[in-house]
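Just the one chain here, the form predicted alone, laid out as structure tokens.
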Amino acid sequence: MKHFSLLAALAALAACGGRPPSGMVAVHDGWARETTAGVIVSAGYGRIENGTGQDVRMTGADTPVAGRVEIHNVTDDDGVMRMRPLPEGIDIPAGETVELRPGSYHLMLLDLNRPLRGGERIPVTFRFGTGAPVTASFEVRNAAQAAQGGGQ
């Protein structure tokens, strides 16, 4: 039972935004965009901190509010902004943090099974090539909140 309590405490720390202990990966400041009725797509953002001594690859994510989640990146190709899926995932170097933010890396929450409302929280579970998945609680922000916070 002590082992389970330690794991639960570490998972809570990762989800709430505290610095991960050495050897852990954590997700901080997660949020998703609010949607209106009939809209079945949203985007998710946050910071992924690699507290391990080795590079890790985020290979995917899941949430119960979406039929599927894809990792995407926005790039500037000669003045044309393009959004592309990253099916192989994102590398997170050892000891570094990668930001998921508007206009860059982000999660696309596709085939939403209901509208996302500002102020609610949704669970998002991140998968990595090695190691345990990490579940974080994402705040759903309305357009004004998202703009005020500059996306983060």
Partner chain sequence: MTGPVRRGLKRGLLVSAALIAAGGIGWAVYRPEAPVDPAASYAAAVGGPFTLTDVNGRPFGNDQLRGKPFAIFFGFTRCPDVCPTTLSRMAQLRARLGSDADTLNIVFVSVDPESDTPAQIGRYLTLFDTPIIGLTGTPAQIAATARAYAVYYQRVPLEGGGYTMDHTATVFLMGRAGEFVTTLDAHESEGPSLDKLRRLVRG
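Since we're looking at a predicted model, the values are computed, not measured. Residue numbers count along the first chain shown, from 1.
Another form, the form predicted in complex with the partner chain, is not on view; read the next lines as being about it.
**Q** Could you confirm whether V41 comes within 4.5 Å of the partner chain in the predicted bound form, counting heavy atoms only?
**A** Result yes; V41 sits at the interface with the partner chain in the predicted bound form.
**Q** Can you tell me if R84 lies within 4.5 angstroms of the partner chain in the predicted bound form, counting non-hydrogen atoms only?
**A** Judged by the heavy-atom cut-off of 4.5 Å, R84 is in contact with the partner chain in the predicted bound form.
**Q** Should D62 be classed as touching the partner chain in the predicted bound form when contacts are defined as heavy atoms within 4.5 Å?
**A** Flag for D62 set to no.
**Q** Determine whether any heavy atom of A132 comes within 4.5 Å of a heavy atom of the partner chain in the predicted bound form, and answer yes or no.
**A** No.
**Q** In the predicted bound form, does each residue in the set Y45, D78 and G103 place a non-hydrogen atom within 4.5 angstroms of the partner chain?
**A** Checking in the predicted bound form: Y45, D78 and G103 are all within 4.5 Å of the partner chain.
**Q** Okay, which stretch from 54-62, 89-97, 121-129, 106-114 lines the partner chain in the predicted bound form, with non-hydrogen atoms inside 4.5 Å?
**A** Every other range fails; the passing one is 106-114.
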